[in-house]
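Only one chain comes next, encoded as structure tokens, the form predicted on its own.
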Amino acid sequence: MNKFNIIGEALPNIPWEEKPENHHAPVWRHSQNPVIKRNPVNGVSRIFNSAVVPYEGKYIGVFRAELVNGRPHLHLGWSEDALKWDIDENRIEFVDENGDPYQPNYAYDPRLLKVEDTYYIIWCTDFYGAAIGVAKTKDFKEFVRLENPFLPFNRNGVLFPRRINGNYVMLSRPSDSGHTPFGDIFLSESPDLTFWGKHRHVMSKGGDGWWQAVKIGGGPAPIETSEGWLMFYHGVTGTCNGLVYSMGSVILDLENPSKVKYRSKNFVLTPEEWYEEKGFVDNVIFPCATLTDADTGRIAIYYGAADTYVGVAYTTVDEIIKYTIENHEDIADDNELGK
């Protein structure tokens, strides 16, 4: 019997592999990684940092597609098992709320989730600099792009899968116009996805470990559990050979998610396999999506690998929460409201 529970729906066809024998880490890789390789579809050189959701008994995804001219856009994909994907050669075409074209100049690192009866895509867009874009759809045929929620410069927009105290809640990582050499995670609220406020500091970079010393950023949409909001995030360290992106785990308070309850001092996944260590950008693990099964507690994590491939990893709600609690580290004022 699980000590901790996922608060959500059953997903009996979730992709899954049991933990390998003698594997001691709380997260383990899919044995056939990467699940999306180079040149996956005509006109697209690389797909990575992408998001998936269950849809009508199957799976649908929004993928960061680097075109053969080097510019990123968002493409749809479909799958029976969430491992083998058919990717659309054409990018998603967005319209504004009046039905007029509202296409970003570029789009990358999408998150995808369902809130109530609507699916939302959050990505990094061009709003006179890197900023957060938001769009909604109910049928994956029409995509209505909303007003930009924040000013530039900002990245890693992550929407919570339900309203909290009546408001939509989004995490973000304010940045600068380049590859930010700093960065903490903040939270903002909105009654209508148009007007945003009640900004709170959530998490600081740093701690005793060096794996998240340079910056951090939100990953997949937080998972509601009996212990709090479970979230995977990326942490970045600097080395003599460049930046290294790893994945960590944190549990936020259910009703005040700007408060950190538990945060692992260790990474739970770091570049070790060839498809994570070598690619367009070496040494990157960048989580963007999870699938969860409330009945079994199983979690499948989708991550970009070396800015070139899509990888999948697995854990259970019991294992990852137990590990996060047992390896908790207080960093700065993470456990405060952040007001």
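Don't overthink the numbering: it's just position in the shown sequence, from 1. This structure is a prediction, so every number in the text was calculated from the model and none was measured.
Another form exists, predicted together with a small molecule; not displayed. Remarks below refer to it.
**Student:** Taking 4.5 Å between heavy atoms as the contact cutoff, choose which of Y108, W229, Y233, F160 touches the small molecule in the model of the complex.
**Tutor:** Looking at the other structure, the residue within range turns out to be Y108.
**Student:** To verify the annotation, which of these, I60, V281, A294, V35, has a non-hydrogen atom within 4.5 Å of the small molecule in the model of the complex?
**Tutor:** Checked against the cut-off, the match is V281.
**Student:** I'd like to check something about S50: if you look in the model of the complex, is any of its heavy atoms closer than or equal to 4.5 Å to a heavy atom of the small molecule?
**Tutor:** Heavy-atom contact with the small molecule at 4.5 Å: absent for S50.
**Student:** Is Y309 close to the small molecule in the model of the complex, meaning a heavy atom pair under 4.5 Å apart or at it?
**Tutor:** Flag for Y309 set to no.
**Student:** Does the 4.5 Å heavy atom contact test between R64 and the small molecule in the model of the complex come out positive?
**Tutor:** R64: yes, in contact with the small molecule in the model of the complex.
**Student:** Wondering, does W123 line up within 4.5 Å of the small molecule in the model of the complex on heavy atoms?
**Tutor:** No.
**Student:** Using a 4.5 Å heavy atom cut-off, which of 39-47, 52-60, 284-292, 270-278 contacts the small molecule in the model of the complex?
**Tutor:** Answer to the contact question: 284-292.
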